[in-house]
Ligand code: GLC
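So this first bit is one chain, no partners, the form predicted alone, shown in structure tokens.
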């Protein structure tokens, strides 16, 4: 079975990291098409897997909040991209779309008899997409997708609530390899602490794309009630979201806590930084489709705090494997950090239980077996 994976971005987000593990462990004859270049391409070529770069053109201007007019303006570029992908996809049995934009182009490009798998990694809700794009996505999913793989029950439910066919949708949790976290040495952690000036400091970590719905501003504001606590903000703004990143910088200056907030940008040493943190915070104000950062932190042996919504509810048992707070509540977040800071034994129990759950439920092997089962069923 020959599989062509399709992704819209060359950046290394959670969906791309997950797809890397899928491709690394694939027994199929695989190649991948990307609509933009970046570090994801380099990681793929290191596997190695053949990578084909196709140009988005003005399709890149179609944002999640897009309405009909925006799509029409990108129409000529969309047709060109569709033609390029159709020509490339002709010799493959399966198209495997790893994002919504990749799926919509794949739905236009597929042969009538070609298997099309949509790996849905986004919540199809008003928090994330315009009504027009949700209708288009669900219509295309019902009409063209052979199977829809959702990365959580919350994501699957959002597809169904938006009008998606429930018989096409199956949940496959992201699997994450614990080896990179197990390989971090304490001496490495201490060296980075020293380099960042964080020796003997209590550190909260916030990991992920810099964007308003990830709500890094809530973490920053919580520091006002957390004296002597530092925050590391790991990640960068993508997809034209630099305005929010600039607002975060301005917020830090307005609060006068420049010495306690450390913007580290895009980093590859995530396991090390997660072990460095005393707590990892997932502060999204909109429901998170899955919550890869949470599982990674749990594998690092670091206690986690997340907002009470979306996929996080399927990862964390409140008070058992982490703490849950109301989305957007600065007061609840600061109280949760204070609880962990003042009770290190409780924090340690949460971290141990979290790691046990992460290794048991969110393994790479379980993810790969489930995806292979979907492909085998679709190909039968």
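Quantities reported herein were computed from a predicted structural model and do not represent experimental measurements. Positions refer to the first chain, counted from 1.
There is another form of the same protein, the form predicted in complex with the named molecule; it is not shown, and what comes next is about it.
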| item | value |
| --- | --- |
| Among the candidates 110, 121, 101, 275, the residue which, in the model of the complex, approaches the named molecule to within 4.5 Å (heavy atoms) | 121 |
| One residue of 139, 263, 244, 213 in contact with the named molecule, assessed in the model of the complex (non-hydrogen atom, 4.5 angstroms) | 213 |
| Close approach of residue 151 to the named molecule in the model of the complex, 4.5 Å, heavy atom | yes |
| Interface membership of residue 156, the named molecule in the model of the complex, 4.5 Å heavy atom rule | no |
| Contact of residue 310 with the named molecule in the model of the complex (heavy atom, 4.5 Å) | no |
| Close approach of residue 10 to the named molecule in the model of the complex, 4.5 Å, heavy atom | no |
| Region of this chain that lies against the named molecule in the model of the complex, out of 80 to 88, 298 to 306, 188 to 196, 282 to 290 [heavy atom, 4.5 Å] | 282 to 290 |
| Residues in 1 to 40 with any heavy atom within 4.5 Å of the named molecule in the model of the complex | 14, 15, 18 |
